[in-house]
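In structure tokens, the next block holds one chain alone, the form predicted alone.
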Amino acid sequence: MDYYLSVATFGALNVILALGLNLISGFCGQVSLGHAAFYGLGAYAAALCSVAGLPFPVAVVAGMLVAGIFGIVVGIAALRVREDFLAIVTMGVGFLFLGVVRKQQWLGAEMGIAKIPSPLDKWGYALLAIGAAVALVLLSLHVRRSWMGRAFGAVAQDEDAARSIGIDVAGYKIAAFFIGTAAAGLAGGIYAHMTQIIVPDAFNFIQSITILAMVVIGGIGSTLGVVAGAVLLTLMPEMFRFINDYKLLVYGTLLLAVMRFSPEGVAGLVRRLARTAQARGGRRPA
């Protein structure tokens, strides 16, 4: 039972991470290749707060805020760059984060931070992570249908056109980065307390690519598709153990296959199959 609870918890954390990136890249069209850095920022900030004696809820909220504030900084930087250059900037953020935590002794350097207080049992963390994931799903669905979601969509389609009709492009870009990175910080705070130890390699570039793969394979811009992608890529390494040794190869192959055969990911494939079934069902026999 402990194993299944652990898989469910990590699956929920991956859903939170993927939905946060989807809000940045899928909703607002801002490319990000360093999402794991914000995951790590939330984990380290929450861990330091707990080690210092702050209550668990305060530590997790602190992790969210730290990640969100750094997200605002990246969002401001994103105002001057687009597309490929933005991808390079966010990738650099990820490498900068790793470079800093690996050299700072007060952050544990390569050994990370251990003996993090853990106030909940496995059931508690599973319920907390799943509840947070469900809340983020509902938030994403609401944002998609709201005026904010329509503004995000306009920014993603054409920034100049959005600006010409009075949309605050800069404000919405920064808002997208804040919400998306704060979600990553939430996942990091839960992760740190659940595992009771964090090390830099848990938040490396491969983790960023894994989160991106969840979004793209699920269907970038689709909330439920991204949830499916996160669950799929959580279960695959558990069902097929060899994948753990070839993650980049497997995920790269999956991304190429999705881009070639179903650019809209799992969500687009499901929609096409539904339309095909509906069309066939609507035909009348001669």
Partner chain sequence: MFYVELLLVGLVWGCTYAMMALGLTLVYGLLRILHVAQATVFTLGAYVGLLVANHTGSLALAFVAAALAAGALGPLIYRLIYQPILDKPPFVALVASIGVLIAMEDGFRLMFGPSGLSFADNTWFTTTYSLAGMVLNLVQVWIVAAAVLLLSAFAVFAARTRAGVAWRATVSDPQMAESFGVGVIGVRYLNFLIASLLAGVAGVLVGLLNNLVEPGMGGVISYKGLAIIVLGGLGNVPGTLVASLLLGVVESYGSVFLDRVMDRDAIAFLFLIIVLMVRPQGLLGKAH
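Residue numbers count along the first chain shown, from 1. Owing to the predicted nature of the structure, the values given are computational and were not obtained by experimental measurement.
Same protein, other form: the form predicted together with its partner chain, not shown, and the subject of what follows.
- Checking 144-152, 112-120, 176-184, 198-206 against its partner chain in the model of the complex, the stretch whose residues place heavy atoms within 4.5 Å of it is 198-206.
- Put simply, residue 255 is close to its partner chain in the model of the complex: some heavy atom of it is within 4.5 Å.
- The shortest heavy atom separation between residue 104 and its partner chain in the model of the complex is within 4.5 Å.
- Its partner chain in the model of the complex is not approached by residue 137, whose heavy atoms all lie more than 4.5 angstroms from it.
- The shortest heavy atom separation between residue 168 and its partner chain in the model of the complex exceeds 4.5 Å.
- Proximity to its partner chain in the model of the complex, taken as a non-hydrogen atom within 4.5 angstroms, holds for one residue of 156, 89, 194, 132, which is 89.
- A single residue from the set 62, 231, 54, 31 has any heavy atom within 4.5 angstroms of its partner chain in the model of the complex; that residue is 31.
- In the model of the complex, 247, 248, 249, 252, 253, 255, 256, 259, 260, 263 are the residues of 247-275 with at least one heavy atom within 4.5 Å of its partner chain, listed from first to last.
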